[in-house]
Ligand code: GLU
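Just one chain is shown here, as structure tokens, and it is the form predicted on its own.
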Amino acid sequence: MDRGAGRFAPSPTGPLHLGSLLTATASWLDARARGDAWYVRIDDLDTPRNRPGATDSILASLDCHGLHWDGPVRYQSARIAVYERALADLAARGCVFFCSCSRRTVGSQRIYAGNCRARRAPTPDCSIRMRVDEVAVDFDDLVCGHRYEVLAETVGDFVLRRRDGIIAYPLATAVDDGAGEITRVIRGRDLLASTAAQLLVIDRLGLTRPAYGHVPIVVNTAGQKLSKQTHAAPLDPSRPLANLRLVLEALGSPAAAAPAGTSTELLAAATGTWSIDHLPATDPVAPS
């Protein structure tokens, strides 16, 4: 049987925090427990949000916590031509249209209303959207079970390339995860809602679906996901063992209390006991 692979794909918008360490650790453990490769991909296409030094900080954080990756780090910014070819393929299949709606217009719509669906030619300052039609997307999430979604009823026609020319997350992620190398995507539950759109892109391009598993996310005492926007504290690199124990406990791992003097020893114990069945049903709250 061919070896599979998992991946961790942070955006370089700031340093890792406890929540991002949890998803990285879950993805790493799932891959290592299966004997799979584990890759790191930097999702750096959204250049206005990228922060200088963030990529180096992220990689140093993973390294000091013992989350070592296989092969070279991948960068989405190096694959823009690949995404443009995928976009051209979708256009040739009649799957896209050009949209000149302003952010203000679209922002007032809970579901995109299809204002520009008849546009078949680009205009200055336009985005490119996927036609979702009435297609239903279903998949079996490794953690959350069977999912069924009619995108026309949840998000409508979604953006593949933004008005500023930047390739949007659903297209780039679908192309990278659907290329066949990545077999399992373990990531935070906050991204579950975006999965059906990515699968529609994968299916229409004739790519290979990976298996998805959406794990709990760390929230603050107000129930908000830890993020830069909610002022999540960066990881303290001087306490990797303590940080890992916190995320292993949040993941329901029996290894959280295992005797270990190093991160490597603790991760080895966690790998031996890793099971998606141990994951809690609710999102863990970060210590204050």
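Just so it is clear, the structure is predicted and the values come from calculations on it, not from any experiment. Start at 1 and count along the sequence shown; that's the residue number.
Although not depicted, the form predicted in complex with the ligand is the subject of the following passage.
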Listed range touching the ligand, judged in the predicted complex by heavy atoms within 4.5 Å, from 167 to 175, 94 to 102, 79 to 87, 130 to 138: 167 to 175
is_contact(residue 11, the ligand) in the predicted complex, heavy atom dist at most 4.5 Å: yes
The ligand contact at residue 249 in the predicted complex, heavy atom, 4.5 Å: no
4.5 Å heavy atom contact, residue 161 and the ligand in the predicted complex: no
Partner contact for residue 179 in the predicted complex: the ligand, 4.5 angstroms, heavy atom: no
Contact check for 30, 40 and 184 against the ligand in the predicted complex, heavy atom at 4.5 Å: no
Residue among 191, 207, 211, 144 with a heavy atom within 4.5 Å of the ligand in the predicted complex: 191
